[in-house]
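Two forms of the same protein chain are encoded below as structure tokens; each is given separately, as structure 1 and structure 2.
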Structure 1
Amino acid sequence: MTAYIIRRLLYAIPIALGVSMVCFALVYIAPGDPLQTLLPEDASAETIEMVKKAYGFDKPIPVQYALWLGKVLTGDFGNSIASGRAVSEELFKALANTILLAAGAVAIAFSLAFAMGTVAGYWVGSKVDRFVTGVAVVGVSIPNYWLAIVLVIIFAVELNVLPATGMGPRGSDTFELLTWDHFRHVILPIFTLSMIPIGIITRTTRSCVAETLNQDFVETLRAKGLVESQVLLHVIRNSLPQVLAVMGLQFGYLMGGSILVETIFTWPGTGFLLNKAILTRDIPVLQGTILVLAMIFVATNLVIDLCQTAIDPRLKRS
């Protein structure tokens, strides 16, 4: 087991290196000058050259990559060209804000979806099952940015009960999740983001439960005289690992996929940071944000994998 864990961790290193190369290269496949939007529209060629040199963009790209990687390994992602602040400072703050949304959305999705999925899987083919399946399909099919806009119009503009934007009356610096004044800001974004995980986790739970119910041991349990609720408990316990794995994956997806929802709610997370960095072509911020989000995804996958192996050693493959 330990050997497997070590092998799995070692295996993550070349992946991480590959990811860092992709992150770095992404920015350079773009046409045009990396500094253009940061300078006045009528900046002269000579001025641009001067600034390019000052930021190190005049060096050959492999050299830039080596320098960048060396710094990244020490936790230094450079400074944002636009704001002049350390990328790590902006990034980790944004990361915390996005984790709040992603974790909230996944938690809500899990509690709702696991209940719905279990019910649907237990009574496959029933009306309840059809309803739940319908909800799940809508969840994965609805464009969530569109839903966000509709929710803002209903709850912020027309009913005026929830805020339309932002993270609190004084921003994220004094954010206190447990006070209503702040908590109300997370309701709409979390609800919007939870739609896709609700759909996916419901479907996974449903098929897991239905499948487990068909297995021989369930009959054995019933034959032993267990009451139906106890049987169901066994079934749930059997389905849980796979559902949790899917939930973990969804968390990873939300961390990297909240860009649209964050943009609409002006939520100061990584998606918002990324969108801003794309618009202004702020290279250090772009590279750092994509890298860290991808690494979180890699790490999430790794943890899920190890947990699953721990629960079920049969899954261990070369």
Structure 2
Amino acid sequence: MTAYIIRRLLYAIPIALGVSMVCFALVYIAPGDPLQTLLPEDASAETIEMVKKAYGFDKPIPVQYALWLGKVLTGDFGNSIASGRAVSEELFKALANTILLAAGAVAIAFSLAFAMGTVAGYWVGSKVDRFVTGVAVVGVSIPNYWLAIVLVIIFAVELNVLPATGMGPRGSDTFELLTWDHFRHVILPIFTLSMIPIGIITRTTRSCVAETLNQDFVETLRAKGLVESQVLLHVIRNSLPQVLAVMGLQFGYLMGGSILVETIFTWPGTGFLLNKAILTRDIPVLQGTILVLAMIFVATNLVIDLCQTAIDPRLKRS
């Protein structure tokens, strides 16, 4: 098992390097010049050269990448072109806000979807199964940005019971979970983000449980005299590896944040930060944010892979 963990960590290194190359290439892939936001239209050639030298754009591309990667490994993502502040300061503040939304959506989506999928898969063809399947289809089919707009119209405009934007009263930039004036701002974004994972995980769990129930070992367990609750526990354990894989993908999606959802609710997370960086052509912020989110996704896949091997003995590696 230790050797397998080491191998998986080693496999992550070329993936991380590949992602870092793509993030660095954003400077050259994006149309136009990222320094346009810093320079006036009538900037002289001397001014342009001075700014290029300040940001390292006067060096060969391989040298620029090596210097940038060396700084990234120390946690230095450079400074934002738009605000002038350190990218790491803006990024990790936004990441903390996204984690808050993702944690709430994960708690709701994963628990509710797994329970509904298990019930539907155990009683395939029943009214409960048809109801759960309908809910899952609706969850997968509704675009989250459309749902966000509808929720704002209903609960913020028509009923006026929940706020439409922000993360606190009077434009607060801090969040207090145990305070109702702050907590009410997170209800609509969390509910919106949880809908798609609920649909996907419910359908996956239902399919896995129903398939496992048809396997021969289930009849063997019943022949040995195990009660249905014990049989169901064995079915769930054998279904978990596939369900965990889907949960890992959905967790990565939630951690990446939703640009549209966070923008609609004006929630200052990574999605909102990416949206601002795209609009202002803030390449350092784009590079740092995408790189960190990609590394979180790689780490999540590694953890899920290890959890799968711990749950299912058939997946044990040397």
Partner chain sequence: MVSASSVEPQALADMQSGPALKVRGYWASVAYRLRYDYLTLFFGGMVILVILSAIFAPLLAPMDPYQSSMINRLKPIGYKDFLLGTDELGRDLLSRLLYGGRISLTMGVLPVVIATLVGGTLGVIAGFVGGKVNMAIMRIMDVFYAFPSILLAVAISGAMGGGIVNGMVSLTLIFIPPLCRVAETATSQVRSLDFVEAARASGAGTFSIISVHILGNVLGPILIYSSSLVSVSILIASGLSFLGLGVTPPEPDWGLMLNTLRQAIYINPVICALPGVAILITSISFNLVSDGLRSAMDVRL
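For residue numbers, the reference is structure 1: its sequence is counted from 1. The term rigid core refers to the maximal set of C-alpha atoms that superpose within 1.5 Å between the two forms. None of the values given here were measured: they were computed from a predicted structure.
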- Query: Form predicted alone, is that 1 or 2?
  - Reply: 2
- Query: After superposition on the rigid core, does the Cα atom of Pro241 shift by at least 2 Å between the two structures?
  - Reply: yes
- CA of Leu232, rigid core aligned, shift of 2 Å or more between the two structures: yes
- Message: With a threshold of 2 Å on the C-alpha, tell me if Ile61 counts as moved between the two structures once the core is superposed.
- Response: yes
